[in-house]
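First comes one chain, alone, set out as structure tokens in the form predicted alone.
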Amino acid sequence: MQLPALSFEFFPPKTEEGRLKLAATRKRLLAAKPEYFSVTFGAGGSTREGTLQTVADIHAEGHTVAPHISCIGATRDSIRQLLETYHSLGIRKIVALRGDLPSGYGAGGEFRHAIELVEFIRNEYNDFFEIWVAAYPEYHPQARSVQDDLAHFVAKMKAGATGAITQLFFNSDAYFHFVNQVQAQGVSQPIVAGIMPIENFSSVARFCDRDGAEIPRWMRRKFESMGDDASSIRSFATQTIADLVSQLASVGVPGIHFYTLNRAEPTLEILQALGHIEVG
């Protein structure tokens, strides 16, 4: 199957062993010919140095990398310093997010929303950076209403975002409906589908329940019915996500962004099921 542009997301490892394992993961994922890798940024900048190191490692290998920048709790000077570091390296793609405050972290910083970060980057660097932002097909869990969430997203895109990457979803209708809604309000930039391979269903379910991503009832019940049958769970998870990606690709989604959790195998198995890469 012909797939759209692929990208893979990592979180920064905390140890030298994790750094070496992630390098090996990247090497395996190169078989899928990704357009770029992205690297997350911890709540309140808690992984700042780890993010910088991982970004530098990927850049040194000659791959396109898109560091995340979260602005909550940050100052303009700290964001400016971070942007200058990436500018000096020649990194031109970033993911601009509001981010979450770490537990126990008090109010502070000079940004409240991602739109302010987008505006700041455009004012400081004009068109040097591609700025990718987050989208929530099933709406942001903290949004006061659907209308407020859509209005905020549209404003963020009109403030200068290059495109958006969605929160993970398992219901393609939610993605299509969201895209139709924002396009009707003048958004023309690409909205890339964020996809999470399922390796540990209970962990994915906890994340979805916390962050407002729906797991269809039929899918949840099917996983629950398999108990501890690891082989059946793995096969069902791979085929379910492959079917979702196939459906998205068939209608011309502009890109697929895999949340890898620093693991190569689950993503590669999905791409193998789709015939995008060879088995082995």
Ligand SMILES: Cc1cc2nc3c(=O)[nH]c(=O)nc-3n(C[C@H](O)[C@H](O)[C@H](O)COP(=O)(O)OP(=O)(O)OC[C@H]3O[C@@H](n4cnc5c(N)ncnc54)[C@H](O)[C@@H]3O)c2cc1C
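Position 1 is the first residue in the sequence shown; the rest follow in order. If you're wondering where the values come from, they're calculated on a predicted model, not measured in any experiment.
Absent from the display: the form predicted together with this ligand. The rest refers to it.
**OP:** Check, residue by residue, if Phe8, Phe236 and Arg263 all come within 4.5 Å of this ligand in the predicted complex, counting heavy atoms only.
**Re:** Result no, not one residue of the spot touches this ligand.
**OP:** Considering this ligand in the predicted complex, find the one stretch among 86-94, 170-178, 145-153, 73-81 with heavy atoms no farther than 4.5 Å from it.
**Re:** Flagged stretch: 145-153.
**OP:** Please check if Ala134 has a heavy atom lying within 4.5 Å of any heavy atom of this ligand in the predicted complex.
**Re:** Yes, contact at 4.5 Å.
Original post:
Is there a heavy atom of Arg206 no more than 4.5 Å from a heavy atom of this ligand in the predicted complex?
Top reply: Output for Arg206 is no: heavy atoms all beyond 4.5 Å of this ligand.
**OP:** Answer for Lys158 alone: is it within 4.5 Å of this ligand in the predicted complex, judged on heavy atom distances?
**Re:** Flag for Lys158 set to no.
Subject >> Non-hydrogen atom contact Gly99 with this ligand in the predicted complex at 4.5 angstroms >> reply: Heavy-atom contact with this ligand at 4.5 Å: present for Gly99.
Original post:
Only one of Ser246, Thr40, Thr64, Thr240 has a non-hydrogen atom within 4.5 angstroms of this ligand in the predicted complex; which is it?
Top reply: Checked against the cut-off, the match is Thr40.
Subject >> Ile121, Ile191, Ile198, Ala114 - the one with a heavy atom within 4.5 Å of this ligand in the predicted complex >> reply: Result of the distance check: Ala114.
Original post:
Looking at this ligand in the predicted complex, which residues in 157-176 have at least one heavy atom within 4.5 Å of it?
Top reply: Read in sequence order, the residues that approach this ligand (within 4.5 Å, in the predicted complex) are Ile165, Thr166, Gln167.
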